[in-house]
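Next up: just one chain, as structure tokens, the form predicted on its own.
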């Protein structure tokens, strides 16, 4: 059974239910980002919906949820969001793949999953930060560390990566834990429908 699930991790799971999940995930991302900005938290909280979609419906739905979220947020609130579309897609793909291969089986694994997502997000976002913002992230906590590192002679790319990683470690671990708790709180029948254990219309 496990081998069969692993074999089908990258299978497209486009059902009516999974497509309904995409706008829901985008809405969760949108609210999370506005909430973090309103409270001036040292977090972004803009990937909870993407991570949850990946956990429920696999890598492709997770990736689409992340990409659509950045497009909508870029159009309606902040055009900078377009630049980080690739980061959101990578997060959706990564979480979807790892969730389907057992990385949300228990809480400790979910925490490790958050660390993996944080590292991936930092690797993907750092070049964008260097190109657009000379290495800063726009997060006051991370950028304070960036300034200290640059004043100490640390090269731009390394200082920018550390800036991004410090923020992502807190943000992505929190994001994955919140998503994991939501996932575990959902009715098993609903989770089973996303896993193809029920009668859901395929598209």
Partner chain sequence: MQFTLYVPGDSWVHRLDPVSKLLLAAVGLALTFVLPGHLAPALLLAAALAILATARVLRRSGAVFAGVLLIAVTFFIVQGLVYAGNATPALTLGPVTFYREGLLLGLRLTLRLYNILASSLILILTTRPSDLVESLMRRGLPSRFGYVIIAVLQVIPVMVEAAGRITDAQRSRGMETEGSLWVRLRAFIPLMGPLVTSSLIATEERALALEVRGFASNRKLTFLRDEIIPGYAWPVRIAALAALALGIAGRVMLS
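Residue numbers count along the first chain shown, from 1. In this text, all values refer to a predicted model and were calculated from it rather than measured experimentally.
Just so it is clear, the following notes concern the form predicted together with the partner chain, a form of the same protein that is not shown.
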4.5 Å heavy atom contact, residue 35 to the partner chain in the predicted complex: yes
Touches the partner chain in the predicted complex: residue 74 (any heavy atom, 4.5 Å): yes
The partner chain contact at residue 80 in the predicted complex, heavy atom, 4.5 Å: yes
Proximity of residue 107 to the partner chain in the predicted complex, heavy atoms at 4.5 Å: no
Residues 22, 45 and 194 all lining the partner chain in the predicted complex, heavy atom within 4.5 Å: yes
Members of 26-41 lying within 4.5 angstroms of the partner chain, judged by heavy atom, in the predicted complex: 26, 27, 28, 30, 31, 32, 34, 35, 36, 39, 40, 41
Cα distance between residue 127 and residue 39, which in the predicted complex differs by 3 Å or more from this form, closer or farther: farther
